[in-house]
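Let's start with one chain on its own, the form predicted on its own, as C-alpha cells.
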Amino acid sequence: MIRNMKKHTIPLLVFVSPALIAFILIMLIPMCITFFYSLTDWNGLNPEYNIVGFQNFIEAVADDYGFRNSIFFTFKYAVVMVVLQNTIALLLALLVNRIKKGKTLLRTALFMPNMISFVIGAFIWSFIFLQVLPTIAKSVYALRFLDQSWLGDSTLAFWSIVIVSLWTGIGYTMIIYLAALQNIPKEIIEQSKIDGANTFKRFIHITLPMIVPAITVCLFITMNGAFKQFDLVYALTNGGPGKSTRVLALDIYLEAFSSNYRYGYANAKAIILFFVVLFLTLVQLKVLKKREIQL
C-alpha cells in the first residue's frame, strides 16, 4: 500500500514542484525577508542596521497619525468600491444579458477600459477633470456644476479616484457576472415565468442564489484590489491634497522611498496591511462559502 502511495505521490509532486518552487522563491522568501526587515531600523541604503524588535509596529499603530488616517481612508475607499463596483457591474451584466442586438459591441466597449493601465487611465482622467469638464461647464450653462476642483478638494478628490477606479474595473467584474448569468439554466427561468413570478422575484429567488459563486469571486477581487490600490492614486493625486487621499500602499511606498527612507518601518506597515487583508479575506470567504453551501 505504501508503495502504491509513493507511486501516485511522486508524479503529483513532480507536476506541482515548478509552481511550488516559484511560490517559495517569489512569495514566501520575500515575505520572510520583509518580516525580518520590519524588526530593524534599516533605511534601505546603509549596510548597517539595528534590531529594534516590534518597535516599528508599536509606532505605526500608536504614534503614526498619518498611517492611521491612511487605514481609515483605505477602508472607506474599499467599502465604496466593493458596493458600487459590484452593484453597477451586476446591473450592467443584467442589461447586456437581456439585449438581443449589439451585445458583443456593448460588452467589448464596457470591458475596454480594463485593458488600459491605471497610470494611463489616471492621466486621461486628469486631463478630463482639469481641462474637459471646466470647458464643458463654461460652454453649457446647465452643466456649470462640472467646474469644480476635482483633484484639489479632499472630498472631490476621493470621488475622482472612485470614478476612475470604477471606469477601469467595472468591465472585468461585469464579465464574471455575465458568465454566471449565462450559465443559469433557461428551463428554470421559463418555469418561473409559467408559475407567475415577475422579474423582481425571479432576480431575488433564482438569479441571485445561482450566481453566489460569482459574487464571492467578484467581492474578493474588488476588496483585494481596493486595499492594494497604489498606481492610480499615485498618478492621479499622489495622496493629495495634503495627505487626504493617501492609501495604505502609497503611504508605505512614500515611507520607504521618499525623504523618510525608513525601509524597516515601511516593512512593518506592509506586514500590518498583509494581515488586515488576510483577515478580511478569510472572513469574507467563510461567510460567502457558508452562504453557497446553504443554497
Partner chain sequence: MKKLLLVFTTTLLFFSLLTSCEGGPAGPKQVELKVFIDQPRFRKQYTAYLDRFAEKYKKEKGVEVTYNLEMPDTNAGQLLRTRFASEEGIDIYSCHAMNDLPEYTKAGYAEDLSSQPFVNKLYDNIKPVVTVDGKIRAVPLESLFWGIVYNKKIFNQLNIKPALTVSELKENIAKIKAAGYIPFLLAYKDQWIPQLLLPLTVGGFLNSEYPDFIDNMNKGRGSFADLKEFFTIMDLVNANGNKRPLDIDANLGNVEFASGKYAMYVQGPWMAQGFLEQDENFEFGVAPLPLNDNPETAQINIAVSTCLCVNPKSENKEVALALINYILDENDSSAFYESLKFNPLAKVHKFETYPWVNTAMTYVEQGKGYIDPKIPQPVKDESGAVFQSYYLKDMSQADIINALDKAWKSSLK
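Residue numbers count along the first chain shown, from 1. Predicted model, so just to flag it, every value in this text is computed and none were measured.
Keep in mind that the form predicted in complex with its partner chain is missing from the display, and what follows is about it.
Taken together, the three residues T216, F279 and T281 all stay farther than 4.5 Å from its partner chain in the model of the complex, as judged by their closest heavy atom. The closest non-hydrogen atom of G152 lies within 4.5 Å of its partner chain in the model of the complex. Within this chain, N43 lines the site of its partner chain in the model of the complex, having a heavy atom no more than 4.5 Å away. Heavy atoms of L130 reach within 4.5 Å of its partner chain in the model of the complex, making it an interface residue. Among residues of the shown chain, Q148 is one whose heavy atoms approach its partner chain to within 4.5 Å in the model of the complex.
Screening 55-63, 266-274, 224-232, 28-36 for residues having heavy atoms within 4.5 Å of its partner chain in the model of the complex returns a single hit, 55-63. Residues L236, G240, P241, G242 of 222-242 are found to place at least one heavy atom within 4.5 Å of its partner chain in the model of the complex.
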